[in-house]
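First, one chain by itself: the form predicted alone, in structure tokens.
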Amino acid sequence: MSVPSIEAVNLSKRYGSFSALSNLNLKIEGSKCVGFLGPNGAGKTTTLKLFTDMIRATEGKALINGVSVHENKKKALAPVGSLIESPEIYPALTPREALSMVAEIRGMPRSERKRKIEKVVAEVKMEEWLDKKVGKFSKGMKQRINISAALLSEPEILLLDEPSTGLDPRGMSEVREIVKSLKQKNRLIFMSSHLLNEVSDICDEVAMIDHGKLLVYDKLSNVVSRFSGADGGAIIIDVGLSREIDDQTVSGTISSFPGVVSAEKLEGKNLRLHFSGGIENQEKLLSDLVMMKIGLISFHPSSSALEDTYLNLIKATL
């Protein structure tokens, strides 16, 4: 069975003398979540619109599972669910009615619609609102219904354009938790964002873009270790725990692990480790922390480390 993939081959989009995207070459394969990171106007939405054939490329190709979106749109987009920008839902409709319209447009058999609509609404935790009018929903609730519409065809590839932008903190948190849950469904998720903490919290890999050009694409931890500019090549790792941990365990046991330069407790049940070592050593560190049975629930490069990386790379393009 082939793995899901998206690929940009010399992909460019120009509007007169303005280049929105310049010779983008990027291939992503497998079930994972990849953050597409860059400042406003960097070319993120343009790229996603090219992958969904909402706009046509000036040069190059956008391929989904090896099929050109421009040359065979129906076949290329069959396994894809997308949420580009933030489409509005008619306020007089209920989620069931709005999603029924989407299902009909996508050619879904009438006999399957009820089951699939209820399934995707459950995925975004909106079951109790299924027959309420959308006009009474918050922005976060509307966005969750938009995500459910993208899931309606049971896609193996999901393209999300800044899904939490414009939401209040609660709405942002809800959408991020939903995206995290979608990672468990063996999907390739390609998610644009300009929010560093969002990418650090959700994504496995990151592609950075600025002024329409790709700067880097790699595993999140590799990008941070290569470009953060931390002293001695050290990176910062944030560790989340399910319960409190005593100071002696942090300053004694954890600080003594190979590669750990320093360890500190943060507010709540979180730790921050300054670590020097490659990805293999990080794997060993993660294994050691699990063996301690201290309630480990998350382990990822710190958003502050990603911010350092981001600023170093963006500065180089100015």
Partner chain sequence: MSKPSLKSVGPVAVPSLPTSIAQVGTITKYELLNYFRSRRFFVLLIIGIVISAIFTAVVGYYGITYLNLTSALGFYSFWWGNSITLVVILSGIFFGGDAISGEFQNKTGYFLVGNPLRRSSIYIGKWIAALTASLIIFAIYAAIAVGNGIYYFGTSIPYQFGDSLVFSVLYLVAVLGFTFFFSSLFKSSSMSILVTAILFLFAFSLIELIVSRLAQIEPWFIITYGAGIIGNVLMDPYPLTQSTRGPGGREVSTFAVSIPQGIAILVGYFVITAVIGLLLFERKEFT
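The shown structure was predicted, so the numbers you read here are calculated from the model rather than taken from an experiment. Between two forms, the rigid core is the largest collection of C-alphas that superpose within 1.5 Å. Residue numbers count along the first chain shown, from 1.
Omitted here: the form predicted together with its partner chain. The next part is about that form.
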- [ ] Decide yes or no: are Pro169, Asp247 and Ile254 jointly within 4.5 Å of its partner chain in the predicted bound form, with each residue judged by its heavy atoms?
- [x] no
Open item on the list: At 4.5 Å between heavy atoms, is Glu128 in contact with its partner chain in the predicted bound form?
Closed with: no
Open item on the list: So in the predicted bound form, is its partner chain close enough to Asn146 to count as touching (4.5 Å, heavy atoms)?
Closed with: yes
Open item on the list: Test of understanding: in the predicted bound form, would Val120 fall inside 4.5 Å of its partner chain by heavy atoms?
Closed with: no
Open item on the list: Please tell me whether any heavy atom belonging to Ile55 falls inside 4.5 Å of a heavy atom of its partner chain, as the geometry stands in the predicted bound form.
Closed with: yes
Task: Heavy atom within 4.5 Å of its partner chain in the predicted bound form - the one residue of Lys136, Arg115, Lys180, Lys74 that qualifies - done: Lys74
Task: Residue (of Asp201, Asp238, Glu174, Glu97) lying close to its partner chain in the predicted bound form, criterion heavy atoms within 4.5 Å - done: Glu97
- [ ] Select, from the options 192-200, 99-107, 120-128, 238-246, the stretch whose residues sit within 4.5 angstroms of its partner chain in the predicted bound form by heavy atom distance.
- [x] 99-107
- [ ] For the heavy atom contacts within 4.5 Å of its partner chain in the predicted bound form, list the residues of 73-93 involved, in sequence order.
- [x] Lys73, Lys74, Leu77, Ala78, Pro79, Ser82, Ile84, Glu85, Ser86, Pro87, Glu88, Ile89, Tyr90, Ala92, Leu93
Open item on the list: Aligned on the rigid core, do the two forms place the Cα of Arg187 2 Å or more apart, comparing between the shown form and the other one?
Closed with: no
